[in-house]
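One chain comes next, on its own, written out as structure tokens in the form predicted alone.
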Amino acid sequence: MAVYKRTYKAYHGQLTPAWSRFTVLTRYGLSTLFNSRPFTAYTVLCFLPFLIGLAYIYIVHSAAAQAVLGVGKTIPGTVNNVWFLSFLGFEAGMGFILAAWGGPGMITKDFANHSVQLYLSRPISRTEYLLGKVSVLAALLSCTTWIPALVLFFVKAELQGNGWLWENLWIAGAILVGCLIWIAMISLVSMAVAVWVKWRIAATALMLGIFFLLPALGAVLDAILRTQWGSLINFTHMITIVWAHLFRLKALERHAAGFDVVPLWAAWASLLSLCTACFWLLDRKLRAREVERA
């Protein structure tokens, strides 16, 4: 039957609630990412540290497991704030690769194919569009950072007993707050880079440059000017300084790890400046129309 001979009728089905329309973008974004087998395999690999940490905590508190493995008391049994900080640092490194791999591609395709105008012509705002895209990264990074870390924390509390949970409940707060700050920073940088670079590979390379080349530039400035303020553009180090204070590392531990090169307020200012710049870039580029200049 020819198209013009069809009888078209208005849609009378159930409408998506206005408050949750952005989740449609999240759902399709996740399905698109996991259509890639290498990406799916790497996502599964990101859960390996969690399994290792879970086994480690169990062995530390199980005499039977120690006897079976023949480790006895030779295995270190300190699962404290430093241990959880190290675990999150490793997971954050793997999560960064996950974000750099899958994050920019979710928006670069929309800009390259001029699909953003079609999205925003629907009953969805710029904020909802951005929220739908950011939710994809937030869900992935949450499942590989603070959620498994909290599971390990409560497993440790259950096995340790003797009031350990209430004495160390602040560690759970540090895990949650620290990871949310890191997820927000990584997601905003990924989205800001993607809206200005329409080629996914170039966007990923630029994102890697922000977190690997800028620290090298900061080190050069420190060497030339004989100062430590060049570290302010080393955003990975700045988030680590914030984490070190959240996890209550002692002054000697922070000094030994180099987490006291700048004051805490300077680290916060650096991270907030980065997020503000990302918001400004997103506001400038994420529009319902695009002006092409010859």
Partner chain sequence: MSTATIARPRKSFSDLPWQLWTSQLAALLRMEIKKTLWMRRSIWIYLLAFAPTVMFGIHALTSPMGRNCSIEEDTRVLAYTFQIFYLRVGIFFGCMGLFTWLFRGEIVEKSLHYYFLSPMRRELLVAGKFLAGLITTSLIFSASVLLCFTFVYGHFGAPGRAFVFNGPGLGQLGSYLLVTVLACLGFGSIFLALSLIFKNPIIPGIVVLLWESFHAVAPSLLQKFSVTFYLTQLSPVTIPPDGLMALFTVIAEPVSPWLAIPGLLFLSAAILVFAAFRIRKTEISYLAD
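Numbering follows the first chain given and starts at 1. No experiment lies behind these values; they were computed from the predicted model shown.
The discussion below concerns the form predicted in complex with its partner chain, not included here.
Just one listed stretch, out of 135-143, 179-187, 108-116, 156-164, contacts its partner chain in the model of the complex at the 4.5 Å heavy atom level, and that stretch is 108-116. In the model of the complex, none of the heavy atoms of F87 sits within 4.5 Å of a heavy atom of its partner chain. In the model of the complex, no heavy atom of L252 sits within 4.5 Å of its partner chain. Under a 4.5 angstroms non-hydrogen atom cutoff, its partner chain in the model of the complex lacks A172 among its neighbouring residues.
In the model of the complex, its partner chain sits within 4.5 Å of a heavy atom of W101.
Contact with its partner chain in the model of the complex, judged by any heavy atom within 4.5 Å, is made by just one of L150, V220, V71, V82: V220. Residues I201, T204, A205, L208, G209, F212, L213, A216, L217 are the ones in 201-217 with at least one heavy atom within 4.5 Å of its partner chain in the model of the complex, listed in sequence order.
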